[in-house]
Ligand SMILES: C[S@@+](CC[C@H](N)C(=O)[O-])C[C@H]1O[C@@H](n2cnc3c(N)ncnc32)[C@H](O)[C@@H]1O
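The chain below stands alone and is given as structure tokens, in the form predicted on its own.
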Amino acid sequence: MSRISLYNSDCVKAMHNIPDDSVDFILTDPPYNLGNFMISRDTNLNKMRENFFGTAGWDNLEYDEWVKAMDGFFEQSARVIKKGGTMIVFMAAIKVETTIQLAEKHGFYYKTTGIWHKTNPMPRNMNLHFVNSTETWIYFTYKTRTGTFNNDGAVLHDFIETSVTPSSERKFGKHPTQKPEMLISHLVSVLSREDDVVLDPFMGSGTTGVVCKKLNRNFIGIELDEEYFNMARMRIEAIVDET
């Protein structure tokens, strides 16, 4: 049985509870710090969905504050991850360079920047500019230049294409940046092994935990927001009950 540990806490504080060199794979989707940027742009905010991340309040730190927070996250990540461990961080394209610099400062080796393409994005602002249909993810290993890579001899591109999160994965509530299970399953399957320990310090709605349970990985999830934490806990518990 997979072991699952969940923390309703600030990620850096909660990560102090995780032993050194104990995590195989960190897969996470931290705040992109785009709230203030989006609010100041011509983006038809009055037509955005109610839980639009730009007005949620947790994505609008001042840049220096965000850098400090991310530096603390990478510092703790370097402590808990094993040598040869792997990390995937979803991030806005305009923050990729900064994210790589912070990760390398703490011993992570930059592998590549990939793209998640959404086949059915909401066509908001379609008469103003190109519809946003992509997000970036950054691939690192720790203290080595290679890590677990289960490709079974196939050529795997750094371009992943899926639909956005279906309604069937939102029955416990909605999260504004929720990733679909298909996307997360691909990354977990390729970059970790059964019984590995997978950590998501910005757990959100718990998709990584759901996937880890289905794929027989151990999971540690951390989420600061109590509403989202409870949503994630219920989703993961539902999968536990099914198995």
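Heads up: residue numbers just count along the shown sequence, starting at 1. Just so we're clear, the structure is a prediction, and the values are computed from it rather than from any experiment.
Not pictured, yet referred to below: the form predicted together with the named molecule.
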Report task. Could you tell me which of 169-177, 99-107, 147-155, 112-120 sits within 4.5 Å of the named molecule in the predicted bound form, going by non-hydrogen atoms? Result -> 169-177
Query raised in the report: Does residue 199 reach the named molecule in the predicted bound form if we count a contact as any heavy atom within 4.5 Å?
Result: no
Requested in this report: Check whether residue 192 has any heavy atom within 4.5 Å of a heavy atom of the named molecule in the predicted bound form, and answer yes or no.
Outcome: no
Report task. Would you check, heavy atoms only and a 4.5 Å threshold, whether residue 228 touches the named molecule in the predicted bound form? Result -> yes
Requested in this report: Give a yes/no on whether residue 10 approaches the named molecule to within 4.5 Å in the predicted bound form, heavy atoms considered.
Outcome: yes
Query raised in the report: Counting only heavy atoms, which residues in 199-214 are within 4.5 Å of the named molecule in the predicted bound form?
Result: 201, 202, 203, 204, 205, 206, 207
